[in-house]
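The chain below stands alone, shown as structure tokens; this is the form predicted on its own.
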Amino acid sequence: MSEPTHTLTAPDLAAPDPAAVKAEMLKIYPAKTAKKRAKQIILNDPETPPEIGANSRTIPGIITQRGCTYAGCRGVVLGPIYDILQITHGPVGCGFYAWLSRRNLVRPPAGSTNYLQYCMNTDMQEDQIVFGGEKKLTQAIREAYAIFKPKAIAILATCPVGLIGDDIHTVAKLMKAELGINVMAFSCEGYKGVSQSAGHHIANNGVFKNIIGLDDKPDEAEFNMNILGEYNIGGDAWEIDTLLRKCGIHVTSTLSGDVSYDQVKKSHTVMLNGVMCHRSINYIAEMMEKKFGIPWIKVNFIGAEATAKTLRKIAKFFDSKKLTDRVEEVIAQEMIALRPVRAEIKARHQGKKAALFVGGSRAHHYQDLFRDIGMEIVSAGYEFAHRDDYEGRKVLPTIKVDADSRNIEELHVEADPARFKPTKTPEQMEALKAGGFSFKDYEGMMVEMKKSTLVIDDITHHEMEKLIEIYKPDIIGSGIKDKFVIEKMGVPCKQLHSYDYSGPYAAFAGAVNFYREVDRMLTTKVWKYITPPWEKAPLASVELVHASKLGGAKKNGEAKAWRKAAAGGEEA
């Protein structure tokens, strides 16, 4: 008997049963681990999204894609502000880890300084771990100031700093008085939260307390806004800014992509905040609304239809016929160039399968790009999301604050007596809402995914292998930690943390880039030279198919033949 090939596998007979796939993923775990992971692997219901286990500690021994709290603060939110000199206080490995590991591209104006190219670290040694590192940190700040003369310095703590009790906030206060510049400290020790999400929150608090509001002079523009939660990976922020400028909308600051300290200082002077990555920066959006009266809306510039929808929503907020007409002109112009490319690529890949397991809102937003070219999403999940990222902000009142979340300071924010200037009157806000306009709202990822699709939070290495083995997706969008494992299994992996050094993928031009890159990945012949594990030793994954889906004696006979062949029988 010849060895069974993929032409006999269960997915050719019928689609896998998601409930059975979940059971297959869980059966290898000890009972306690399986019980916890069962809460984090959910069969979706878009009409009434089920409760998912999220923002909980990763189980020791499970290979996770997550990063640490320090990574979320230094590597994501604070790091891309290019002219803040940032000093990592801790062992050199932590600083090196966060140095240019994300592609936060910048174009500093002539005469300004870009510190992103530097890796600055106090390089704590054994004697500082034993006797304290505050003196070394003070020395490092003085040396850095003498060399660079920065406008601001940020101190970022790593795990040993918190464990030995170095008081980086007192050091920052003393050095601020001595040097006459803004010196701020961030207690973002890696262990402080269950993932990098805690670091986002800590960075939001620090940026809000120490930078936003320092400059009250607004940019001169008829329509101005901030884009929050956009990090200019591969030039995304540039595409968004270019598109908005075509429409006549000025972006004062993008937090945090190609942004300067001075831009962040006056980010409270805008009329509107648009939030791209809900998880990483919703805290700043909320606090700016409370203190300065700036409303925020959820936006998405990933995918052609999503971008058009976002532009129309922004225009509706500003309530200007001139702007609305211009937005429609720009959309029409952009779609003329996009449609033929999308149609050509969609014809080749209609019905193919994708899965996404990426941080921030990427596992949500990038589904739009795959759907644009007719691909089906078989599973998706985040690395470090909270329940509201999956189920929508409506569940926020029901989320119980656990011990890990209490490690993070909650700022008490009140309206600024002099600077609280709402963009819209209460009557205007109510009129917009009555017309279907939604403020500070995010419906979550689940409502846009099909019923019974597997939603997996903090996917483990084992679960990823099972997903590939059973569903056999045509492509996966994921991170660098599992990219090459996935590709060794014969599946192309689009690395969506740094875009495999490509991009941009935002707005209409970015969507075209993405369509073409996915097309190249799916049509290249290299994958034919990789034999995935299930073709070397086929497993009886046909058991994961609904019997009712097989439909009829003929297909039941085929299924039995497949089972026997997979077991080494002779019927195949």
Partner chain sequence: MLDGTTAEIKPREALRINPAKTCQPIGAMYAALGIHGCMPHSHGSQGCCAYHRSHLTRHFKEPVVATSSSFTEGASVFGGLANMTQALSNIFTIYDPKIVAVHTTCLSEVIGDDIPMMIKKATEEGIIPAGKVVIHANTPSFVGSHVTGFASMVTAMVKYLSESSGKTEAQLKDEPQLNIIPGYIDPADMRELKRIIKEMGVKTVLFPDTSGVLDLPQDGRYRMFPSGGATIEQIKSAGDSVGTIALGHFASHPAAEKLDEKCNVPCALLELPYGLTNTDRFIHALRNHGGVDVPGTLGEERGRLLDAMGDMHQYFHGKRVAIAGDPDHVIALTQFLVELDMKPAYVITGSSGNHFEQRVTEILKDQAPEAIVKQNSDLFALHQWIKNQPVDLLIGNTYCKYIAHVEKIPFVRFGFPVLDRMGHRYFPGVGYMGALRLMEKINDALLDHKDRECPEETFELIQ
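Numbering follows the first chain given and starts at 1. Every value quoted in this text rests on a predicted model; they were computed, and no experiment measured them.
Here the subject shifts to the form predicted together with its partner chain, a form of this protein not shown in this document.
Would all three of 273, 337 and 369 be in contact with its partner chain in the model of the complex, where contact means some heavy atom lies within 4.5 Å?
Verified in the model of the complex; spot residues all out of contact, no.
In the model of the complex, does residue 64 have a heavy atom within 4.5 Å of its partner chain?
Because a heavy atom of residue 64 falls inside 4.5 Å of its partner chain in the model of the complex, the answer is yes.
Determine whether any heavy atom of residue 437 comes within 4.5 Å of a heavy atom of its partner chain in the model of the complex, and answer yes or no.
Close contact is absent here: in the model of the complex, residue 437 is far from its partner chain, nothing within 4.5 Å, heavy atoms only.
Residue 205 near its partner chain in the model of the complex, any heavy atom under 4.5 Å?
Residue-level check for residue 205: no, no contact with its partner chain.
With a cut-off of 4.5 Å between heavy atoms, is residue 70 one of the residues that contacts its partner chain in the model of the complex?
Flag for residue 70 set to yes.
Since exactly one of 331, 174, 399, 164 fits, which has a heavy atom within 4.5 Å of its partner chain in the model of the complex?
Checked against the cut-off, the match is 164.
By the heavy atom within 4.5 Å rule, which residue out of 448, 404, 469, 289 makes contact with its partner chain in the model of the complex?
Comparing distances to its partner chain in the model of the complex, the residue within 4.5 Å is 404.
Heavy atoms within 4.5 Å of its partner chain in the model of the complex: which stretch in 440-448, 88-96, 174-182, 323-331 meets that?
Among the listed stretches, the partner-contacting one is 88-96.
At a 4.5 angstroms cut-off on non-hydrogen atoms, which residues of 457-482 are near its partner chain in the model of the complex? List them in order.
Residues within 4.5 Å: 461, 462, 465, 480, 481.
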